[in-house]
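The chain that follows stands alone, in the form predicted alone, written as structure tokens.
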Amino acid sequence: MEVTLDGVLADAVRRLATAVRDRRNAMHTPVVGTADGDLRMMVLREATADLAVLRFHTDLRSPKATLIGGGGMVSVLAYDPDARVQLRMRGTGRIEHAGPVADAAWSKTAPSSRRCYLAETRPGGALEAAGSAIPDAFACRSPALDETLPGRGNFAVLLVEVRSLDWLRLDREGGIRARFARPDAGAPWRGEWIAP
């Protein structure tokens, strides 16, 4: 990697693109935070080439979907322990449940992943005993594609319009850190070096 602001930004783009494709990559499941201070790990499904948008899948019935709605603040933290690189991103979230974006994401989702949207109780909802809210019929098997169709009503996409990126690499010499910002996803990134 070239140690320039452009090189650091390109490194962040490359890392996230790799994380989308490789489920064993440490950045494949970043920590996603909402304005209420709640944190959870989510699977990164897409990172656009300019880091304008990060895409995650979620249950429409989840508290975070209600909180984010059409403009709640979202933070995303990804870390690669082998490279000792941390990416902290912040932006505006949007939940899409109906329409071409959600439909396309649903159509590309495997039946084994669709299974969680068949849960009979919303995420965070009370259960009578320890266990899953997935119907017993699917407890030990992936559903067939047609069996997942009732889950479509619970499926939603979380899109995060990234407006700030903090890139940090830790090393013996004290590390390198850069911060990038933009007023909206269509604007160019403005970067600066900052103390680690």
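Residue numbers run from 1 along the displayed sequence. In this text the structure is predicted, and so the values were computed from the model without any measurement.
The same protein also exists as the form predicted in complex with a small molecule; that form is not shown, yet it is the one meant from here on.
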Thr148: heavy atom within 4.5 Å of the small molecule in the predicted bound form? no
So in the predicted bound form, is the small molecule close enough to His57 to count as touching (4.5 Å, heavy atoms)? yes
Interface membership of Ser62, the small molecule in the predicted bound form, 4.5 Å heavy atom rule: yes
Wondering, does Arg169 line up within 4.5 Å of the small molecule in the predicted bound form on heavy atoms? no
Just to confirm the contact call: exactly one of 160-168, 35-43, 140-148, 126-134 touches the small molecule in the predicted bound form at a 4.5 Å heavy atom cutoff, so which is it? 35-43
